[in-house]
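Form predicted on its own, single chain, as structure tokens, below.
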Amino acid sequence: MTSAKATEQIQQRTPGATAKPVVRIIDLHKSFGKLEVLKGVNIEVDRGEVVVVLGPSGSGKSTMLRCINLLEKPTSGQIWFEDTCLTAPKVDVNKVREHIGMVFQQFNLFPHLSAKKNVMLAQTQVLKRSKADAERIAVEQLTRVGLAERVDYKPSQLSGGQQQRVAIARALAMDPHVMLFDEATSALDPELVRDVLDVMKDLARQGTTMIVVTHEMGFARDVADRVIFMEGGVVVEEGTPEAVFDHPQHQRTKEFLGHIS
């Protein structure tokens, strides 16, 4: 059931306000059987904002992210993407997903296709772009992530960091209104992490709306407009990077940051 406070928030945030967040998560709950992973999450993300979500393993970060594009179906609560309530009955989720880019831990590239063709595929099949347009955009986006000279390489010919940059280019080619990153560097060898983070930093500088689940504290401090700390399926603390890292208010946040610093 949605709490009275969350119901009031829903009414206040109903589309029609002057400045609408791109993403609004309202009293989000998610259970897997008897295990309640999300216990009432409320988050808003404005256009052009970079929000970094931190927290220990099992805190619900990735589940929350996957609920945004309904890769996981919420148990209760509401998720708004721009003017659409994704949790409403009969919503065309696939149509909305066209505008939500997501980059996972694993690259999920087709091994038999070149980098260029991996980036072209969803454009032609989902957006129904012509092959010529899809190819032009694929080359543009691969160039954008620093892979201009490797557009015809297959995944097996690329490093892990390069494969992840192909995955980012694939998401960008769909003209997303928000980019979701779920531990995008956690499967990479340490020496390959920097190149991927540099691409993400460039996207942030270009005004891309981003929600980033990561353990990369340097990235969070340097790039985030806002940092959210989750624990036990709830948002424990949020604020600017300076506030959260230098002046955490919650004891659990202090303990978490103390262990990773």
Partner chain sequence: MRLFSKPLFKFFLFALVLATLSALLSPPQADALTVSSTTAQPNSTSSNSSAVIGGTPTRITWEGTVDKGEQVKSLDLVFPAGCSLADGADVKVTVLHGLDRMAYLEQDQLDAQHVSVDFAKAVPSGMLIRVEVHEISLPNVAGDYQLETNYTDANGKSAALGPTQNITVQTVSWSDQLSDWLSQQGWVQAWNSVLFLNIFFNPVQIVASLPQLFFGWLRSLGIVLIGFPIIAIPIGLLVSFLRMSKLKVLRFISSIYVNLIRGTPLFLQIYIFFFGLPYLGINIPNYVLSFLVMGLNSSAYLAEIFRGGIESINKGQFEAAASLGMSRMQTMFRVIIPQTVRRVIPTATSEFILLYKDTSLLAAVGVMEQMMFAKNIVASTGNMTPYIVSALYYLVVTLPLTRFSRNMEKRLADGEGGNEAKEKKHRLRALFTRKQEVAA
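Quantities reported herein were computed from a predicted structural model and do not represent experimental measurements. Numbering follows the first chain given and starts at 1.
Another form, the form predicted together with its partner chain, is not on view; read the next lines as being about it.
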* Identify whether its partner chain in the predicted bound form is within 4.5 Å of every residue in the set 71, 111 and 157, based on non-hydrogen atoms. => yes
* Asked: If you check in the predicted bound form, is residue 162 within 4.5 Å of its partner chain, heavy atoms only?
  -> yes
* Classify residue 90 as contacting or not contacting its partner chain in the predicted bound form by the rule of any non-hydrogen atom within 4.5 angstroms, answering yes or no. => no
* Asked: Can you check whether residue 126 is within 4.5 Å of its partner chain in the predicted bound form, heavy atom basis?
  -> yes
* Asked: Is residue 94 close to its partner chain in the predicted bound form, meaning a heavy atom pair under 4.5 Å apart or at it?
  -> yes
* Of 139, 121, 188, 85, which residue is found within 4.5 angstroms of its partner chain in the predicted bound form when only non-hydrogen atoms are counted? -> 121
* To do: Work out which of the listed stretches, 37-45, 62-70, 195-203, 221-229, brings a heavy atom within 4.5 angstroms of its partner chain in the predicted bound form.
  => 62-70
* Is any part of 76-108 within 4.5 angstroms of its partner chain in the predicted bound form by a non-hydrogen atom, and which residues would that be? -> 94, 97, 98, 100, 102, 104, 108
